[in-house]
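Quick setup: the structure tokens below cover two forms of a single protein chain, split into structure 1 and structure 2.
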Structure 1
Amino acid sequence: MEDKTQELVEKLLENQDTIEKILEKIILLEKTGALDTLADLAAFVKVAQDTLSDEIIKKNSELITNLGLVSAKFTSDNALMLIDAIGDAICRCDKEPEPVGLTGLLKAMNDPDVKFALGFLINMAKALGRALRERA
């Protein structure tokens, strides 16, 4: 027992500067409350590690990969232009929409902006139909 105590004292003396630096950091973490946060985080990681199976980790990895693929499509120039245009359109709608019947719809068809938007929507519907058929 005395040999182990002697070894421990020698090790402490050899590493006194390092131990003082570590103690200063631990004291700072305690004073700022970060030590409790670190302990909580460590407990969370342990629970997550114990409860996540390889299957769950694999599925989450696939989900993250798929989200990356989808997000890449939404950062294409066309997607960004569409999102920007939709945002502009929403901002410009400053009055409540009114119900539109067949006559109102036909009248709206004379508006160049409506014609342009319908052309875009028809192109998008064609592309969507093609994409859906390719996946079927």
Structure 2
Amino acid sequence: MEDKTQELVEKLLENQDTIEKILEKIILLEKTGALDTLADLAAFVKVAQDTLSDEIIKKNSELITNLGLVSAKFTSDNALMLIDAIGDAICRCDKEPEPVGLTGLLKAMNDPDVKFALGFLINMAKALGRALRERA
């Protein structure tokens, strides 16, 4: 027993500087109440460690990765411009829709704004076709 105490004292003396630094930190944590929070956090981390599995990690990482890859394309300058314009269109389009037939459609095609949007859609169709062909 005495040997063990001796060993412990030696270890403490050997690491005096380190132990003092650790003690200072622990005292500060206790005084601020952060130590309780850390203990709670440790319990939370332990629950995660005991309940997670490789399969859960794989599934969730895959989901987040796929969302990330898609979001990379939807945050390009062009995509942001389009999403912003669609947002404006939704906000501004407060008219009650009227039923439109073929004649109405042809008439609408004289509208410069509709013409511009159609031009955009045709460009989009071309780019989409190319992207689909590249993946075929």
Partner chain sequence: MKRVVILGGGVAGTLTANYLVPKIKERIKNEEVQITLISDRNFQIYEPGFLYLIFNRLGEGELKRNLGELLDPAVQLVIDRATKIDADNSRVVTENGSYDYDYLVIATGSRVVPEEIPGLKEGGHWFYNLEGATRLREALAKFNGGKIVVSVMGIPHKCPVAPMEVTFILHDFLRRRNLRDKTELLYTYPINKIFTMDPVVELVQPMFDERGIQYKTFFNPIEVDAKNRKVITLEGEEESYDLLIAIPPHRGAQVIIDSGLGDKGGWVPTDKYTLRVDGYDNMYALGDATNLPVSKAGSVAHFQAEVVAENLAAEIEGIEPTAMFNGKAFCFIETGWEEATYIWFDYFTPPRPVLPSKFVHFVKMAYNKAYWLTARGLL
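Superpose the two forms; the largest set of C-alphas matching within 1.5 Å is the rigid core. For residue numbers, the reference is structure 1: its sequence is counted from 1. Bear in mind the structure is a predicted one, so any value in this text is a computation, not a measurement.
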Tell me which of the two, 1 or 2, is the form predicted in complex with the partner chain. 2
Just want to know which of V70, A34, T51, L23 is the hinge point between the rigid parts that rotate between structures 1 and 2. V70
What is the turn angle of the smaller rigid part between structures 1 and 2, given in degrees? 25
In Å, the rigid core superposition gives a C-alpha shift for I83 between structures 1 and 2 of 3.1
